[in-house]
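The chain that follows stands alone, in the form predicted alone, written as structure tokens.
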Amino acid sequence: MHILSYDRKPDFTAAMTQEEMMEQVMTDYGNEVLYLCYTYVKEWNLAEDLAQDVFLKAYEKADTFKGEAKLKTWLYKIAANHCRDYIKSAHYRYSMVTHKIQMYIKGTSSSVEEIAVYREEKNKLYRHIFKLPLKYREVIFLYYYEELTLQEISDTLNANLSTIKSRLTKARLLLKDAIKGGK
């Protein structure tokens, strides 16, 4: 029996091997896991390495996925825990990353100036988000960028629902103050 076949996505078939299913999971969720890792370490190359580690762990721990939660939530939980462990490691503390966010945004405006203003505003927002303490940053990312429900975030981060609600409220206030203050 293939453990990963419990996913609610119809892409999986009983005839797929575990390796094929894992490849499909990486295709379906690779970018999401990468972006989540990036929110923790703020450096693309390191985030890519951590994301690969996450999928390796998921493959090794596939038998622990019981289908009680969405596969995406289970992967995010592995990613969040792995990234937190990495951040706590001595290696990370001695090699803090300093790269700026490099996002290429395709604009819908016809004006080059409008595109530049849009990118600058978006980058400013990202900078403010990345200045937030980790516990607020991860909630903002999971809620707004990954569109998880508060309950899914609670399950992913192993925190009470009321704690997640409080963190989201506090994160919004911190962002609002930072943007108004032009920090």
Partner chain sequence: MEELKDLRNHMKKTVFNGHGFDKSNRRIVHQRYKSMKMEKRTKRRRPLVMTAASLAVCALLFFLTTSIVTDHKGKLDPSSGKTITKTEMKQQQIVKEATKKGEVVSYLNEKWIPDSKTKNLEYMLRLKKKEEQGKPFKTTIHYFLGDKVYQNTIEYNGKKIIYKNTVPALGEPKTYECKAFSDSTIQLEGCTGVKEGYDVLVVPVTLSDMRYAEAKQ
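Since the structure is predicted, the reported quantities are computational estimates derived from the model, not experimental observations. Numbering follows the first chain given and starts at 1.
What comes next is about the form predicted in complex with its partner chain, which does not appear here.
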Does its partner chain come within 4.5 Å of any heavy atom of E152 in the predicted bound form? no
Is T64 a contact residue for its partner chain in the predicted bound form, using a 4.5 Å heavy atom cut-off? no
Original post:
Is K135 close enough to touch its partner chain in the predicted bound form, meaning at least one heavy atom pair within 4.5 Å?
Top reply: yes
4.5 Å heavy atom contact, R172 and its partner chain in the predicted bound form
yes
